[in-house]
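Shown below, as structure tokens, is a lone chain in the form predicted alone; questions about how it binds or moves come after it.
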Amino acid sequence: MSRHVSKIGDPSPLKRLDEPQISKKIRLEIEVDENMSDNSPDRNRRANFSNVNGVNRNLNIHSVKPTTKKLIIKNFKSEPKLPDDYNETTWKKLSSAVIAIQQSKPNEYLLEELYQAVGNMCSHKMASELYKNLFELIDAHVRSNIEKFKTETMDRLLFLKKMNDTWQSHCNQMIMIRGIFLCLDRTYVLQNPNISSIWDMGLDLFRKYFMLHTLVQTRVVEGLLMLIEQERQGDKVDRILLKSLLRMLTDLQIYNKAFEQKFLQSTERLYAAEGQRLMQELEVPEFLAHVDKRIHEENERVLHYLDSSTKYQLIHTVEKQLLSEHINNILQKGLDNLLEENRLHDLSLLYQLFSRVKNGLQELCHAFNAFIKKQGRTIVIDPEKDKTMVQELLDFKDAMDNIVASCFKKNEMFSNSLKEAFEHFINQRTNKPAELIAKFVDSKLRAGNKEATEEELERLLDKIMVLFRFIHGKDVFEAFYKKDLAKRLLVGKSASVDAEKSMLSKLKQECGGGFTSKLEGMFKDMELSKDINVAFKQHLNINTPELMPLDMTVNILTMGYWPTYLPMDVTLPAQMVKFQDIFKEFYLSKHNGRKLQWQPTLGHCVLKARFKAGQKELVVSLFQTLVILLFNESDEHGFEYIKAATNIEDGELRRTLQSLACGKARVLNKIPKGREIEDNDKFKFNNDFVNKLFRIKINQIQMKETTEEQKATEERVFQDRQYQIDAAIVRIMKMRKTLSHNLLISELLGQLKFPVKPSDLKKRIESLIDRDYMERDKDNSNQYNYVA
């Protein structure tokens, strides 16, 4: 196995390098196993031993011991020395190269030669002097460049461009100089942490003289502010120039001190004046659009040329001067109009902008709440709007809900404020909204309401329930709703049983089973009445087949479930009386001990009538039936006779005759003609009556609910409330035995579900004391004791 020894010396000398090589020389002796050479195509391949004499080609490789590499390093016998004038001659070359770079002239030396020279000086401990010389050379150049600007009288834009050119040249020059003196940066500078790198040295010197000459600095900053202000006024400016000079200030680490503070001050002055002026000149939507545009523009400036650290303070300044300072003015001047006109885009922008400033959304929420209370009060308080109140409330609620959802991003604070405002204004007028909501539900659930499909009706009922939740006097709603529901069920005017039960289910879910127990009882009565009528007809067919066929349907009403109706005795035809007696006997035979009281006010009939034009069927009320049947005896009757024959109450009779003689379907003729019914009027059967329909419904003229009837309903509600108050007082006192007046009032207000005044509670307490349910304490008149 042969050995090879190779020697490694210095690299070949550079061209035009006159001085001798100065690198330390060493001699290396390397002993290498030829078969284990790294030059082998595959170091992991099995060695080839075919050329070794006396060795079997099939010899196992593991039996051969590998040879080791041997590396011998020896010093040269003597170290080369530099010429005595090497420092001066080399710096002369280097300084001429630096000056050529600074003056943008061609360099007479190769960069490799200059780089090698710097390396040699650093290796021979000349780095300190080299750094000092380089510092002085750059210092002089930077100083002369900056001082030139002291005497410049050109306009600001040209001044900025020239300064930018100087800065760009300085940066390019420092990059080239650092390339030559890279060895100095990597050795001497790294070994001395207190010394700046060559690049930082250039920045430090530029910053030093830039800040030293305040006039130059001031002109640059003012020029930058001038360009930015021109851009804000709509002029087109050189953004590249702005970006370069602002980057210069950032690199020099004087951006904040020299520029940012002045920039923010000028921004504040500009937008403070602009905000005051535009708030007077523009309408709120235009003002909001302008503010949004300004914020977008300032964000664009940060993106294009301002330092990112300026963004927060800059945007905050714009928001403060254009929004925070004018929040109340914006809300007072324009919010009501935006809400009334349903300007969703402008409201969305208002919410978005106000969310940027402190307390902006809170102020907006307060103003939103105040608007709803003011607008809602105008709907509820005005008696002239009673007919349209509920529909207006529904529309108003829909509009406000849409604004909260689409403009205010379903903010919970605004949703709660909306609910609070509705609950506040809807109870400003005691009891009336509850009554009108009940009547509105009646109008929608009554047969003949073809305005909506079942799905639309269900959605409408859900919306009505939202209004219902806001009402404090829910018992008032129950009273009127029960009265109207009774009419719908008894007269058969309910549009849909499913819709009725759906509404009942919603009320039960909202107020509990106690609230709807009587209403559910009404439905139960109607179901039981169907079964009773089927059994009664079977009874008639079996027991009284000789009677004239009369299809009579009777509804059995449990008195506690239904509204209270005033009993009215009228004179019925003998045939009807006969059927009444038979039904009474039939019913009492099955339900012993019960008492039946007939209510003719809610009855209705179908009559067959013959006219010249042919036979017709008339769908009429029981009172109308009694009047029409009289004309089977004679074609003409006077008012007094009809009144005596039917025994119908005077006012009810007049309305009945109006419906028959003065309505659309006039089966009677009034003599003399006129709208009002007088005592001396006569009525004649209208044999010439014509109508294209076979079955004609003659509507009873509904007596408008008089003030007395409304008061009667309210009085019943008030009476029910008194019973509830009495029961609550007794319940509390029975549990507590002894209680002070204030604590009793407090507990009552917590338990009662309807609005009540403390003075009313005091009256009920006095009433219970008079009835010996409780007594005043003998020693403390402000204390009550329960009397067992």
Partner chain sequence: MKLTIKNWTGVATWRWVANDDNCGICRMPFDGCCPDCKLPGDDCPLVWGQCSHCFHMHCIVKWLQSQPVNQQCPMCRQGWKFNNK
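Numbering follows the first chain given and starts at 1. Worth saying up front: this structure is predicted, and the values here are computed from it rather than measured.
The next section is about a form of this same protein that is not shown, the form predicted in complex with its partner chain.
- Of the candidate stretches 191-199, 377-385, 398-406, 600-608, only 600-608 contains residues with a heavy atom within 4.5 Å of its partner chain in the predicted bound form.
- Against its partner chain in the predicted bound form, the set Thr558, Tyr587 and Lys595 is in full contact: each member has a heavy atom within 4.5 Å.
- In the predicted bound form, its partner chain sits beyond 4.5 Å of every heavy atom of Tyr209.
- Within this chain, Asp531 is remote from the site of its partner chain in the predicted bound form, having no heavy atom within 4.5 Å.
- At a distance threshold of 4.5 angstroms between non-hydrogen atoms, Met552 is in contact with its partner chain in the predicted bound form.
- The closest heavy atom approach of Ala665 to its partner chain in the predicted bound form falls outside 4.5 Å.
- Between the options Lys125, Arg695, Lys132, Lys673, the residue in contact with its partner chain in the predicted bound form by a heavy atom within 4.5 angstroms is Arg695.
- This chain is displayed alone, yet in the predicted bound form one of Ile628, Leu457, Leu349, Cys183 has a heavy atom within 4.5 Å of its partner chain; that residue is Ile628.
- Residues of 487-524 lying near its partner chain in the predicted bound form, listed in sequence order, are Leu490, Ser517, Lys518, Lys524, the criterion being any heavy atom within 4.5 Å.
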